[in-house]
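Single chain ahead, by itself, as structure tokens, in the form predicted alone.
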């Protein structure tokens, strides 16, 4: 199982592995899916809603956009070290540019990836895991509206450390975007980190099966410039940094979670529309 044998269920903790069937679901990062914990022979399903609000004024023209995504994530662990995932978003984008309104909705681009644990170090009360991942972004969305129309590849590395009271997930990720019908979105590189801390940790964990985690996450992404018909688009690319406080309620086989993503750096090029905030809420089930 990846991304730590989560808080309260690490089997190396003084012989408490017999508590595994009765413990709560495992905490995990909210704003990225690559670190979701999957046990051998089990399924994990996350349904996530994100609402992103963007607005500014450029050359005296007000610009507003609201993007709503319903993201379905399914993961399976065929072996103890290997996990496979599929992600399918449904997207709705509403824009108001100088009083001219438009909207687009439908399937977004699907994501498929695999993750393989290459390092594990378990000791009493703690564990450390490292796992590379690689995948594809498949053009299932409407080109130019809810998708790019290109088949893209990505890869990266997950690092997880956990103790009884906290879990730390982090990743580095690089996306290589390809060209479709004269348009090529710029490649992107990102670094993400998530700390989930079990609240009320003075309680006897052997006697409870529901926990509350406080969560704080940080996301840094660099976007290269887009290209159109071989020419670089100066109104694209840049750097963003987000801070995301959140909370998770973990029961035996499911987790409810929410976070708000707040941009602290919006260093985007040219007239690129800047994001104001993003709100995330999701439910996650283990089968």
Partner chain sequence: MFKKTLIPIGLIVFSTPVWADDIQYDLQVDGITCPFCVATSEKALRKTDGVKFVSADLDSGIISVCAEEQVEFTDEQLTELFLDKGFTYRSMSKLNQCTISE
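Numbering follows the first chain given and starts at 1. The structure displayed is predicted, hence computed values, not measured ones.
FYI, the form predicted together with its partner chain isn't displayed, but the following is about it.
Student: Is there a heavy atom of residue 162 lying 4.5 Å or less from a heavy atom of its partner chain in the predicted complex?
Tutor: Heavy-atom contact with its partner chain at 4.5 Å: present for residue 162.
Student: Does its partner chain get within 4.5 angstroms of any non-hydrogen atom of residue 185 in the predicted complex?
Tutor: Although its partner chain is absent here, residue 185 would stay clear of it in the predicted complex, with no heavy atoms inside 4.5 Å.
Student: I'd like to know whether residue 53 contacts its partner chain in the predicted complex, with contact meaning heavy atoms within 4.5 angstroms.
Tutor: No - in the predicted complex, heavy atoms of residue 53 and its partner chain never come within 4.5 Å of each other.
Student: Is residue 155 near its partner chain? Define near as a heavy atom within 4.5 Å, in the predicted complex.
Tutor: Heavy-atom contact with its partner chain at 4.5 Å: absent for residue 155.
Student: Sort through 247, 49, 251, 241 and report the residue having a heavy atom within 4.5 Å of its partner chain in the predicted complex.
Tutor: Going through each option in turn, the one that passes is 251.
Student: Exactly one stretch in 173 to 181, 127 to 135, 97 to 105, 67 to 75 has heavy atoms within 4.5 Å of its partner chain in the predicted complex; which is it?
Tutor: Result for this chain: 127 to 135.
Student: What are the residues of 73 to 90, in order along the chain, with a heavy atom within 4.5 Å of its partner chain in the predicted complex?
Tutor: Read in sequence order, the lone residue that approaches its partner chain (within 4.5 Å, in the predicted complex) is 80.
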